[in-house]
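Single chain ahead, by itself, as structure tokens, in the form predicted on its own.
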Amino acid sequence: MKCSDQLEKIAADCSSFLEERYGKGTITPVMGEGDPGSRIMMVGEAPGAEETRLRRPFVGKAGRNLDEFLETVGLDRKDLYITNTVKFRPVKIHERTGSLSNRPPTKKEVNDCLPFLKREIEAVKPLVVVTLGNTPLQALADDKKTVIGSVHGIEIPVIWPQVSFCLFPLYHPASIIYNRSLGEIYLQDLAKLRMYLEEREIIMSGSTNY
């Protein structure tokens, strides 16, 4: 089965599972998108309001942050496969206004969605999986004690029965907005990622995309 067909099947299976688990019409699944033959996959935490509305990962403000990050590394979004750990928006309800806002996903929500993320990785077979933030890092490293502050910018080999890849943890691009002190560290990590990709000819030295 072609990778694109596998991804369609994963999306359909995920949608059916989430509908059964959480109730029909209660959530909107947001699956990955991009080049199914990409050698690089980027994994975030979960979609937000704009991603849910458009049913696309990393759009709106999150998308602008990601685009700046990609430009720094020298990558083009269309050449990547981009997805999230949790395939729907985790929300909390404001007691007074009833409005919805984002919240971190629960362990249950991560565990419910993790099999579908793993199937995406097995279908795409990337050489490098860039995790953005703690949630995808801990999920794919299978270690809840691992935190981004300890391993950011460090290559972590991952070997599964169906696929092997390098896990490359980065802070989430949005984290720089809330903690400006991370800016210099983030740029250093991006430089390490670019060097890693160039050394393995995943992107060419001096290129603006691959």
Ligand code: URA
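It should be emphasised that the depicted structure is a prediction, and the values quoted were computed from it without experimental measurement. Throughout, we count residues from 1 along the sequence that is shown.
The form predicted together with the named molecule exists for this protein as well; it is not shown, and the discussion that follows is about that form.
- A62 is the sole member of I176, I27, A62, L167 with a non-hydrogen atom lying within 4.5 angstroms of the named molecule in the model of the complex.
- Using a 4.5 Å cutoff between non-hydrogen atoms, D35 does not count as a contact of the named molecule in the model of the complex.
- With a 4.5 Å cutoff on heavy atoms, H172 counts as touching the named molecule in the model of the complex.
- When contacts are judged by a 4.5 Å heavy atom cut-off, N84 counts as touching the named molecule in the model of the complex.
- Among heavy atoms of A46, some come within 4.5 Å of the named molecule in the model of the complex.
- Checking 54 to 62, 152 to 160, 137 to 145, 181 to 189 against the named molecule in the model of the complex, the stretch whose residues place heavy atoms within 4.5 Å of it is 54 to 62.
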